[in-house]
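Here's a solo chain for you in structure tokens, the form predicted on its own.
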């Protein structure tokens, strides 16, 4: 089947966009040393979902899904860690 855009390329671009969307939050949290406006429940659920996406990526052998979600997991975990640290250090 001919594709307008190769599926893996589409996955890489989509994964890149969704992954880098968390960088402004990461930088803001780091620079302000505050994550009071970050929802703890949302990030816990989000990280759980990302872990499941990683598992799915491994099951279907999709590098774009695996890579994007592993990087997202790292960034989201950093934000969650900073939230917990900064809230407990005050």
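In this text the structure is predicted, and so the values were computed from the model without any measurement. Numbering follows the first chain given and starts at 1.
Below, we turn to the form predicted together with another copy of the chain, even though it does not appear here.
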| item | value |
| --- | --- |
| Another copy of the chain contact in the model of the complex: residue 84, any heavy atom under 4.5 Å | no |
| 4.5 angstroms heavy atom contact with another copy of the chain in the model of the complex for residue 18 | yes |
| Partner proximity in the model of the complex: residue 74 to another copy of the chain, non-hydrogen atom cutoff 4.5 Å | no |
| Neighbours of another copy of the chain in the model of the complex among 47-63 [non-hydrogen atom within 4.5 angstroms] | 48, 49, 50, 52, 53, 55, 56, 59, 60, 61, 62 |
